[in-house]
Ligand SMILES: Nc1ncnc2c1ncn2[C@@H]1O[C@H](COP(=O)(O)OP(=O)(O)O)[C@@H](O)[C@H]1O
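What follows is a single chain, given as structure tokens, in the form predicted alone.
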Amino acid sequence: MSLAKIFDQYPDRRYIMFGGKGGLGKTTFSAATSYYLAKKGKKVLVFSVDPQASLTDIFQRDIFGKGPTEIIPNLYAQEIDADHRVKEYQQEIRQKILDMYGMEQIPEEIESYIQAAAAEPAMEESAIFDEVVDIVVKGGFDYYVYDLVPLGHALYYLSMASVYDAWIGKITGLRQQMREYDQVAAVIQREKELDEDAILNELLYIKDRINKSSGILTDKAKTAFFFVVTAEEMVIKDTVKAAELFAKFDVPLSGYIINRVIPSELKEQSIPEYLKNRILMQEHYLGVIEKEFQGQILASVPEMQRDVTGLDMIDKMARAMFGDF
């Protein structure tokens, strides 16, 4: 099975993700896959969930914080501005306090708390996660390609969905119990009319959004998750561990892609000794990869002559991954 055949065979897998350690080429593969699908006539959005996003560098277009930006026909890219999202959160909180208590301005001590909460380390990740939910729920594209964060942070995103869902589930249950008590009291008193529970409705709305987002991550029919690996001992070991962890979250694994393979025929040429040794080491670890991920390797991508930036190099990378198209 090749990478191109996976896409041909499973056209309903519209949510595409590349996982792996930092620096292995996930963003490059995300950009190249989006380019390939767009050239095949599909409307594609590639978006970054990494605060240190680099789609701007790869496409050589300033797309940060500007929403879906057209790169070529059918291909759109987006980098999320987490700071802007956090500021929107703050303003929403201020407005709700003003509306709820009929205030004209936010008290200084409450404003200090709002500012402090926005500086929490997890706030940036939460803002990006929420924006991703918006992107997915809104729709409008044939394919969504996630430019994921490195493995540890990716697991955090996966766990965040289940943690949020469990927490909101408990709070929703409590709110529903409170409503039942209110209804009983209203019947007894014959005077009290039960108003719509705005808090409960808000929680149910958030719960529905999170379920839609996390449901995609574990939907084998709609999602394709690929691990990026290189012929290095620690990368292979970390990938094996990560695959086991991702399996616990029921993330559907579609296969592995080997990146930065030095052409083995070079060792027959006049090259520096260190390069020959690198090729010999690579051959050993390619054997380890073959044994460890037997039958699941979908593509082997050569080391490129220069950084993959700009459409010409993205095209070259896409052809290395998928063949001519």
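Given the structure is predicted, the values throughout are model-derived calculations rather than measurements. Quick note: we count residues from 1 along the sequence shown, nothing fancier.
The same protein also has a form predicted in complex with the named molecule, omitted here; what follows describes it.
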query: Stretch from 257 to 265, 38 to 46, 59 to 67, 282 to 290 whose residues place a heavy atom within 4.5 Å of the named molecule in the predicted complex; finding: 257 to 265
query: Residue 33, heavy atom within 4.5 angstroms of the named molecule in the predicted complex; finding: no
query: In the predicted complex, residue 14 touching the named molecule (heavy atom, 4.5 Å); finding: no
query: Residue contact check: residue 21 to the named molecule in the predicted complex, 4.5 Å heavy atom; finding: yes
query: The named molecule contact at residue 310 in the predicted complex, heavy atom, 4.5 Å; finding: no
query: Residues within stretch 304 to 321 having a non-hydrogen atom within 4.5 Å of the named molecule in the predicted complex; finding: 304, 306, 307, 308, 317
